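Taking the form predicted alone, here's one chain by itself in structure tokens.
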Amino acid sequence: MISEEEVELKVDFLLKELSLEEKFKLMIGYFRFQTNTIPRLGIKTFKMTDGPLGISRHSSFLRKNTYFPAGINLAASWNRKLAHECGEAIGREARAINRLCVLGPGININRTPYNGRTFEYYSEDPYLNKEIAIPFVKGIQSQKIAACPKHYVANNQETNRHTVSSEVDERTLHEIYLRSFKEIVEEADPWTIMTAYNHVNSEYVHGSSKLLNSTLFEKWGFAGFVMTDWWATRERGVTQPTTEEAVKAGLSIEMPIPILYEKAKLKKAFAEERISLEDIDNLIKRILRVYAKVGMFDDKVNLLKGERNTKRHQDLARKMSEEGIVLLKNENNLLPLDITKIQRIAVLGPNLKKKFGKFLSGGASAVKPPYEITPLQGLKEKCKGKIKILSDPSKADVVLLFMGLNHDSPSKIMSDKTTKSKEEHGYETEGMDRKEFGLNVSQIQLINETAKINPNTVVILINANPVSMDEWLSKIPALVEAWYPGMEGGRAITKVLFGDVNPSGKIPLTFPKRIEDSPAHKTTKTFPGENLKVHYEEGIYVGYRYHEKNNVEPLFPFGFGLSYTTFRFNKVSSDKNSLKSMKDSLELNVSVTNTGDKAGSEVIQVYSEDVKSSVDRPIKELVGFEKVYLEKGETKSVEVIVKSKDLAFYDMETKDWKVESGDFILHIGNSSDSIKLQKKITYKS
């Protein structure tokens, strides 16, 4: 692998050899997912592909590729190792089709249950967000493929996404929305970053010197290059940055075609000395540095070999789905189903036979796999010769209802007039937000009618955003959240239902009871916005932070998830009781016992409480977690690292992160509102 010193030498050489017009040429896209070439200098096209659920069909010359579970499923696993393995696998798939950059992960905060792209993203919590994204980025780049965290920044809705301005105060911007990007830059060194479509405080990010030069480059030390989202620079009735503003802000590449960076505009700005050669070279250096890191100038024999659609990747897709599935309700231990005692199962619902891996299904992240196991297929494989599968609930021992939301492309939804008028609130897709909080009427009726006929009714949700459940939750004994489970989803869901896999997922976002309980939905000013401005009036109180601060009971709290076994948190100790600098950390040791009769995994979650602060702070904030597997009756002491920097808040006076001297209480439990142990520590600056 080429060393950092060799990279810089190559960059310096090419920078001297490139003409000004060739440099301009490198700053613009060519043919959708490629950049321009300079053959005489060995600069090839930098091919990109949409992600991050796998290699998208539309950006891979219509190839079929491994379809991994949605981002929110990965976050629900609370498994850093799994995130790294997924990144590695997607990097190998990109390498196999000669792509050098994966446009992902998507790390925007889940602010509203209406967001059409919640499925791509990880969490409402910036700590969990970055703890999953960092190993994912490292996994991709371990294959010498560039990762591209997106969408920088405060892109939290699809409504008016090209023109709306996210109006957010500075502390909230840094603590909630910028934090994941910051941590990924500092710990994973991503080679590219994509800007968002929206404005931030009435300024497009691709023209914002404050967000790019001052924050991303100077403060955080980002060394890669910045690109726009596709066609983000089109005029849409809202003033775009000028060419020189984008250049001086730090935008290296405009995708997929030149608008701000048309050659004539660049030449004119240069001739009129509105941009300098130094300005251009700063952008080109970043591009060339990444080109070297992905192996563009290496001999082919030295490049890593890719693979796609292999059994290894398909097994990983199933494992990811299994670990991310969340058991939300299980009265009288109806689940897991005992295959030796059940004779007949009734299966119904709109998502029973539905395949989600279709061309542009859900938008740009869509992956078309070589096959996809639906829930019905998974059940048939499991039950063949053992259990009869029916459609009549009255004749079954147990009923399985596969409900949830839909995932078609925006163009299909908009062209289907019947679907648009009757079911539009049931879609989650890029380009449009949901309109209603509940399931559609026909699904609610099916649940209620089935539960009357057969009390042993299990609802399995396939979706990403929370949905209201007032109309039906109390009438069913068991509820499973399966998210969008990928190409092996049917097998994974079946394994969980029958107990071959003990569910260990925890929801990575709060499920509110009503849409009014979501802090983003107080007025139309806070969502979807008025006069093309959406006001983040809730500030830092997103998700569980808001629910705890305002004593609003959620339907299911952040970090919640049941198991087929039980766990006891015994005691907690630490290697030290005080921290002394922002670079310091301590090690908690939490003793946990599996007190049930099945092996299973538990997620130990650590939340910090600043006992006395000079600024308003949430009651609790996630600062650590570890997932542990325990055999029945087994006890383990689990190490959880808590870093000083994760106790910090963004200080408006110093414009930086700060931990004040004083006491902190570390709350240890298995969800944000299920605390089992406490540990007091002190920070002494």
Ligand code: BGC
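The first residue of the shown sequence is 1; numbering continues from there. A quick note: this is a predicted structure, and the numbers were derived from the prediction, not measured.
The form predicted together with beta-D-glucopyranose exists for this protein as well; it is not shown, and the discussion that follows is about that form.
With a 4.5 Å cutoff on heavy atoms, F649 does not count as touching beta-D-glucopyranose in the model of the complex; it lies far away. Residue contact with beta-D-glucopyranose in the model of the complex: E430 places a heavy atom within 4.5 Å of it.
beta-D-glucopyranose in the model of the complex is not approached by F625, whose heavy atoms all lie more than 4.5 angstroms from it.
Under a 4.5 angstroms non-hydrogen atom cutoff, beta-D-glucopyranose in the model of the complex has D229 among its neighbouring residues. Heavy atoms of every residue among H58, L103 and Y197 are located within 4.5 Å of beta-D-glucopyranose in the model of the complex. This chain is displayed alone, yet in the model of the complex one of R111, R117, K506, H206 has a heavy atom within 4.5 Å of beta-D-glucopyranose; that residue is R117.
Listed residues R99, K293, R179, R161 were compared with beta-D-glucopyranose in the model of the complex; R161 is the one with a heavy atom within 4.5 Å. Judged by heavy atoms within 4.5 Å of beta-D-glucopyranose in the model of the complex, the contact stretch among the candidates 443-451, 147-155, 562-570, 589-597 is 147-155.
Contact annotation for 6-44: a single residue, F33, has a non-hydrogen atom within 4.5 angstroms of beta-D-glucopyranose in the model of the complex.
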